[in-house]
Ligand code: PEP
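As structure tokens, one chain now follows by itself in the form predicted alone.
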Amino acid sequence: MVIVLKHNIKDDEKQRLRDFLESRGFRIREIVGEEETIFGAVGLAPMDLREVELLPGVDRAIPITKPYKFASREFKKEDTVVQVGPVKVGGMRIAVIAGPCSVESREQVLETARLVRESGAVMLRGGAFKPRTSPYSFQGMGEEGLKLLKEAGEKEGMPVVSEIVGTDYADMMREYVDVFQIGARNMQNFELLKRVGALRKPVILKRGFAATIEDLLMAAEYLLAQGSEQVILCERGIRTFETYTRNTLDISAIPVVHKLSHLPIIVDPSHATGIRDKVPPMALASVAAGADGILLEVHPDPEKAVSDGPQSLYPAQFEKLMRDIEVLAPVVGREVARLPLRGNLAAAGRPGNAAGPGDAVFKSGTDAPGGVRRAWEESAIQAQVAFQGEPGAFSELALKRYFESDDVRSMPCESFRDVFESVLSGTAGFGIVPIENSLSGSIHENYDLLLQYPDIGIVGEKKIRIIHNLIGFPGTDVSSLTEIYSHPQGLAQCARFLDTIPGVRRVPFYDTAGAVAHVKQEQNRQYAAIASAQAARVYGLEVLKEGIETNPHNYTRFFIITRQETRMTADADMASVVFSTLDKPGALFHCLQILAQERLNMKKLESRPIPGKPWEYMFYVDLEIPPGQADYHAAFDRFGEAVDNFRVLGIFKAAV
């Protein structure tokens, strides 16, 4: 059963409740969610729910109807995010795990680890014990293979994954691996499940050849019942009558599992297809279907692989696949997981280190890639990030995807100017502001603010897809709505859908998430709002209809700002500058000609009036940075001499 605790429950009441349940043979797991705290109680003894509901501190008790208890969505509403060292699997992230089918030699596993990490994998997989159909096939290098796998993982800063085939190996393997993998052949090896679950280390559990989704979840229940809380499910194809592929990849299992269970689910298209050319399209299809990660086999020379060479990707194939996943992820509202970058981090993100007005400060190339986000994460600064709007706004969604860290604390502000003021004063370490929408164009107010606050610079950017949802009270009939609230742009971008509701009044509001808060406060079931799905969760309302925007190609670009020097990091590939031209014929043409001659690719040109100077303009330009810093310096020196006023607003890694 699920026991929802009252918000004001006392510690002694919670302990008495735990003692009461354990005395009756129940196993207890406490879950602290976004909205409520619960006890999950699982046991064989029947109990009248009223006995529990009468206890002090208990709000209500709910029976779990599914045969799998701890794994069910009834037990836990929020998605489980599995933490493996610096890597998180689940939530908004797509984690890519890659490596050879088998560890064959030190040179092979070290080379593979280097290649997959450079392309973007976050965990290294490799088999040391191989359960093979034939007893004469290569069975793996055993413990020596695990030692090599661990060495490769440590060298590249990657957690490692390897399969366990028997209970006797558990204690030995726990010293070498970060994640146990239980293969398809062992999915229902219940003694192995119980042994691995008791170790309480992260586990990847693969679906068996002929297992149903319920079979998979029941197998996961064995792990969870033994105390493991970090279980990752894996769809790897099932046996059907089809013979053109090794197995049949059941992509439909991904949304089904997400509905039934809170556990993350990844996909292994290598074993599903058995043919390397089929792996990339199936990996992309899995991402589109909502997979939380991809498990891939990659080998430096697949023709020489001792096992599963035909399904192992060439390094070049893997690199291209990673780029394709980067492009696809934002379309489905996800973010590709990243490892912290190696090397010396820039001393960035500390308020008070700003350059003077008009200054462009470039730090040497010893700065590690990743810029301010990596420095912020590594130094564990508990800085607040300011955004305009209410909790659940699209700006807050963008900042959470940019700062992939549980330490980030979002700080709502009433206006964009308040965001800049908060950063300038040091109240917030960073701010995030929208700068451009793919449908409605530039947010000119924020361009003007960037000019008005010379001590604040751009240190990053994020692009997210804007998915509008109709949000109201649970069970509301859309046709009964009389008023719909949202930001004017939200209303405009959903006009075609709103036209289908006769007589509904469109009420402009200052913020999309604020509109949801207003509907919740009014308690009128004939009111609804247009906002993000996150806003619905924050305010406890329901998405009545999702994806109601007229044009699905709706993206917003955000700038990350902070009070600091404008720094250039090793992977920076974009600069944002502002300048005004001399008052003479052809002045702008001459400036643009310099950019062309210096091979600086202009990605955007925006003009804004200069305050107090009617009919005179400043020009905002986004430029791609060429590979060499020296060329970039020379180009900027020449460009600065040809313009009237010139300032670097930021140098950063462009968002995909």
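Numbering starts at 1 and runs along the sequence shown. Remember, predicted model here, so these are calculated numbers, not experimental data.
Below, we refer to the form predicted in complex with the named molecule, which is not included among the displayed structures.
For the candidate set Arg401, Arg195, Lys130, Lys150, a heavy atom within 4.5 Å of the named molecule in the model of the complex is found for exactly one residue, namely Lys130. The single contact residue among Glu163, Glu436, Glu221, Glu104, judged by any heavy atom lying within 4.5 Å of the named molecule in the model of the complex, is Glu163. Partner proximity in the model of the complex, defined as non-hydrogen atoms within 4.5 angstroms of the named molecule, places exactly one of 538-546, 520-528, 175-183, 457-465 at the interface: 175-183. Taking the partner from the other structure, the named molecule in the model of the complex has no heavy atom within 4.5 Å of any heavy atom of Asp292. Heavy atoms of His271 reach within 4.5 Å of the named molecule in the model of the complex, making it an interface residue. By the criterion of a heavy atom within 4.5 Å, Arg125 is counted among the residues contacting the named molecule in the model of the complex.
Though the partner is left out of this view, Arg557 does not reach within 4.5 Å of the named molecule in the model of the complex, counting heavy atoms only. Looking at 188-206, the one residue that comes within 4.5 Å of the named molecule in the model of the complex, counting any heavy atom, is Lys206.
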